[in-house]
Every structure is written in structure tokens, then in C-alpha cells.
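As C-alpha cells, one chain now follows by itself in the form predicted on its own.
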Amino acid sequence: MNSLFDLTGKTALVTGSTKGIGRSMAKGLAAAGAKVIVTGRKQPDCDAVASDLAAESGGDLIGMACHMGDWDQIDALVERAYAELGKLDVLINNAGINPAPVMLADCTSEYWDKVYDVNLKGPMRLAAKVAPRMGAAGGGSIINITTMGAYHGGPAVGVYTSCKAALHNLTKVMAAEWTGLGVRVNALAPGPFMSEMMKGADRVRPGFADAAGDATLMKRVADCDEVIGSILYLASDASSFVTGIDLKVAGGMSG
């Protein structure tokens, strides 16, 4: 059974993996045998986390900086990844931002573009650059990280949740367009995890984390490492007949 989840000899890129659930994803993939690229906006942070995770997991990790809101940096990241690793078998579009809450009537063009560029345009561009190369090398797995909020929306978070809903739709489009390449594309929708984003939201709105935990059947907020099992499932041959889904990892939260 262990061979189903074995990623030995595989290469993976996880965006937004210097902290939060992205960091846990990178650690889990490395522990399963993959060589993992850690990405974030600042190269020193990427290098430091890659070194720390290598010590924690015993795996092989390398840091590569990229701002997911910058089209040209995304292109450069892909070229560097292939130049240094030769291939990518797994891509996880995890990087995301959720700035201070803004009601729609107060939303500016700059705010909208900032959120959509990082959370939607960036993942689309990165996946579109990688998928053909994955296909040429025999296939692979792309995983887009959405959110349970994409199913609900709510006051002051409409920009964030709407772009994640769009990413859910794009996941289905990607799965349909790239199945002939042998590339599976799925989404993973986290519920409440005690990430930096959750902590930030709780600072802005005290009690937010407790309320989010209460919205789950399990009545709690998850530790970031609790995402590892699900990400290994989608990344590995354990999900070889799975594409176009949104896997909800949310403690029974409805959606």
C-alpha cells in the first residue's frame, strides 16, 4: 500500500510554501520521497525554509523565489525549475492572499487586481506553462488550492472567495483540456486551518478562528500538518483515476 503514495524520483513545486499549509505540503511531499521546490516572494525565506524542511523531513528541497502576481516572474520560475530539476511531476498552486476585509462598495480597482492576480491569474499562468511539459514527460498532477469560502461567500470577503470560486471552475477546465496529456488536475478546498492567514483574520476580527472551528462538524481548527495526507493522495498514484474534483478537507464543514 505504501507504494501508492511513494513519490520517490518525482519532483514537485509548491507555491506559497514558506509558511502555513504550503509549508506542511512541501514537508509531506519531501518525506514521501519527492524533490521539492519551495517558493515564496523572497529568496532568503525560500532558502531558509527549504533548509529547515530538509532537516525535518530528511528530504531534498530547494528554494526558488517567485511573486505569483507577476506574470514574468512565473515564466522565469518555470524556466529555472526545468533548468535545475529537468522535470516537474507535481505542481501545487497554493500561494494566496486575503488582505484586510473590504465591502464590495468600498473595493478599489487596485485591491481587486491585487487579489485576483495572485489567487487566480497566477495559478492559471503557472499551470498553463507547466502542463504541456508535464504531458511531454508522461503526465503529472496539478493541484489548485481553493477554500471552503468559495462555496459560501460572505460580507467583506467577496473578492477573495469569488476568485477562489473561479479557480474551482478553472480546475475543471484544466482537467478537461489536459487529460489527453496525462495530466490530472484537481482542487483541494481547506476549511479552517491555523495558518498565518487564519491568525491574521483572527487579529482583525477577534473570535474569527473559534467561529470558523465551530462551523465544522468536528468543532475545531486543524493543524497545518493535517493537510499532508490529502495532498499526498492527490499528488500520487493513489488518485490515478481522479481528476476534476474539489477535495474538501474541512472537518465536515458544509459546502
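Since the structure is predicted, the reported quantities are computational estimates derived from the model, not experimental observations. Numbering starts at 1 and runs along the sequence shown.
There is another form of this protein, the form predicted together with a small molecule, and it is not shown here; the text below is about that form.
- Only one of 89-97, 105-113, 75-83, 179-187 places residue heavy atoms within 4.5 angstroms of the small molecule in the predicted complex, namely 89-97.
- Looking at L53, you'd find every heavy atom of it more than 4.5 angstroms from the small molecule in the predicted complex.
- In the predicted complex, the small molecule stays beyond 4.5 Å of every heavy atom belonging to A12.
- Among residues of the shown chain, A215 is not one whose heavy atoms approach the small molecule to within 4.5 Å in the predicted complex.
- Contact annotation: S230 falls outside 4.5 Å of the small molecule in the predicted complex, judged by heavy atom distances.
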